[in-house]
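In the block that follows, a single chain appears as structure tokens, in the form predicted alone.
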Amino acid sequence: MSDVVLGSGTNRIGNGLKWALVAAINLLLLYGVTLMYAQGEMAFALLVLIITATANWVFLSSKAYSYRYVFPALVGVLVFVVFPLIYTVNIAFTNYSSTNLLSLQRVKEIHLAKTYETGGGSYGFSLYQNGESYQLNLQGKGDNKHSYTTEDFYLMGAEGLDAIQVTTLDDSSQPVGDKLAIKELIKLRQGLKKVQITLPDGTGLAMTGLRSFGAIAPVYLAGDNDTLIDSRSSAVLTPDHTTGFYIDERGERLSPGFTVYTGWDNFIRVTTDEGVQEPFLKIFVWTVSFSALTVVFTLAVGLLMACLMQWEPLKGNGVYRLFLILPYAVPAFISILIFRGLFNQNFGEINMVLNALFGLRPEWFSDEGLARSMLLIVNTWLGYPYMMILCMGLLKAIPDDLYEASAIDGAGPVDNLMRITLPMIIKPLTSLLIASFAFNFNNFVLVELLTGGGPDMIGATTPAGSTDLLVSYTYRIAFGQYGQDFGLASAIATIIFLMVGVISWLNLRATKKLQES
């Protein structure tokens, strides 16, 4: 009887500890959600809240017991695939860019914090330190003969403050502490820039130079309905929710702007703006052609090398196989950078050889056709070892009897290739060829390191290059040096996702029909 009581007591303690642990984890996650919400990160707060609620149901409900084993994988797919995809699509419907990064409220705060010198007097200053506190002694310049000493203030922890409000003492007060040298002022200048001094007559002073404070006033004052009033001209600036900028009475924009939803504008721009539409279509055609040609070339070279490695009269094929696989073993970025040097138009070894033999110095990086050919050559070099390894394994699976019967019938190598080898290996290779096509469709590293997308297209309103793939084109729009249009880049990324999805679906259907036939 006592053993039963002891066992039930142990179970109660175990259950209590379990529920306490669950409660602690939930409180910690909810605290994180609260912090995200307070920072305005609604999407991330909602994501964590959904995952927390789902995890509680999965691990605490007996009905969801079977989901416990796949839940971590589902969470990974949600966090690293589904959420970024939804977030990207959401950005595609906004004007989110380098000039429209912040919310309306934050932009309003930035404008209200702007100040200008009013010409109400300039003061030189000396800084005194007494322990951890500081005092400023202000001396008027020119016709201004006034001098002031501020109250004690602290610069420790000033990094997290927008401003340090300081008032002045009476005229007879003198600073206490050690006067700091100019090198010490330089060290403290970031904190001093946040010091805002209020004089007895209400005039505000702020640091205007390394050795001076000046009278300042806010450029803009807050008006009704999120409007701003220019304190210098009394002009009213209103927020334009179609463009995401404050607009003055003359229609001029005030930077920075704020993020607003623009509907289908980015997608319409892709399809109607000639400066975007034309390069987009050209890059799309080139991306498909590049991916398809890479698959064809790597398969052709890889199959040829595999057949040579299987040729019995060839001695030492193990050594040859080792050397032929080396391009696959070397990190791709190293090979790409080496080829970039080899193809250099002025000093590259390839042009030196061509010039010595034929008097030619091709402009590999300036001519569109040559730049694209160079990409295909380098990518074939990087990809053929993978195809060679696959083909070597598949060739071993083909019965020798087929080739012996073919030899008896008088068939040649070409007949064996077209009637035996290719039909026997194409079915198991199909899915791998589709995967290779999808990989090269988004082969960002090759383009970025070898050509950088160049040569540039003439007449494009976006940073577009003749060798750009869709993925590198999107990257240049989002993170290029001539502006960062995240909304347009997200719209193009969404279109790419739909295109790749359709192509993959069609390929899978074609593969299924091929296997059935």
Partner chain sequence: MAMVQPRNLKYRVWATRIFLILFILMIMLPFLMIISVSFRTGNFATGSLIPENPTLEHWSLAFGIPWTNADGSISLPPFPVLTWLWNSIKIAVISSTLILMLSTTGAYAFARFRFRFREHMLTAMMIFQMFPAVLALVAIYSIFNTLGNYVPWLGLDTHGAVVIASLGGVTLHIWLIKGYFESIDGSLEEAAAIDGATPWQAFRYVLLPLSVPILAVVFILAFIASVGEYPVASVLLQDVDKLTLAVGSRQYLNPQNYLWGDFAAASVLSGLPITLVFLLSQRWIVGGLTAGGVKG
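Computed from a prediction, not measured in an experiment: that's the story for all the values here. Just so we're on the same page, rigid core means the largest C-alpha set that superposes within 1.5 Å between forms. Positions refer to the first chain, counted from 1.
Note that the form predicted in complex with its partner chain isn't included here; everything after this is about it.
With the partner left out here, its partner chain still marks one of 324-332, 215-223, 275-283, 251-259 in the predicted bound form; by a 4.5 Å heavy atom cut-off that stretch is 324-332. The contact residue chosen from V471, V58, I51, A460 relative to its partner chain in the predicted bound form is V471, the criterion being a non-hydrogen atom within 4.5 angstroms. Taking a 4.5 Å heavy atom cutoff to its partner chain in the predicted bound form, the contact residue among A407, A356, I268, A397 is A407. Using a 4.5 Å heavy atom cutoff, none of L112, I164 and Y246 lies near its partner chain in the predicted bound form. Although the partner is absent from this view, K108 stays clear of its partner chain in the predicted bound form, with no non-hydrogen atom inside 4.5 angstroms. Among residues of the shown chain, L422 is not one whose heavy atoms approach its partner chain to within 4.5 Å in the predicted bound form.
The closest heavy atom approach of N440 to its partner chain in the predicted bound form falls within 4.5 Å. Contact annotation for E349: at least one heavy atom lies within 4.5 Å of its partner chain in the predicted bound form. Contacts between stretch 367-392 and its partner chain, counted in the predicted bound form as any heavy atom lying within 4.5 Å, involve W381, Y384, Y386, I389, L390, listed in sequence order. Comparing the forms between the shown form and the other one, the C-alpha position of I496 differs by less than 2 angstroms, with the core used for superposition. The rigid-core alignment places the CA of F71 2 Å or more apart between the shown form and the other one. After superposition on the rigid core, the Cα atom of L28 is displaced by 2 Å or more between the shown form and the other one.
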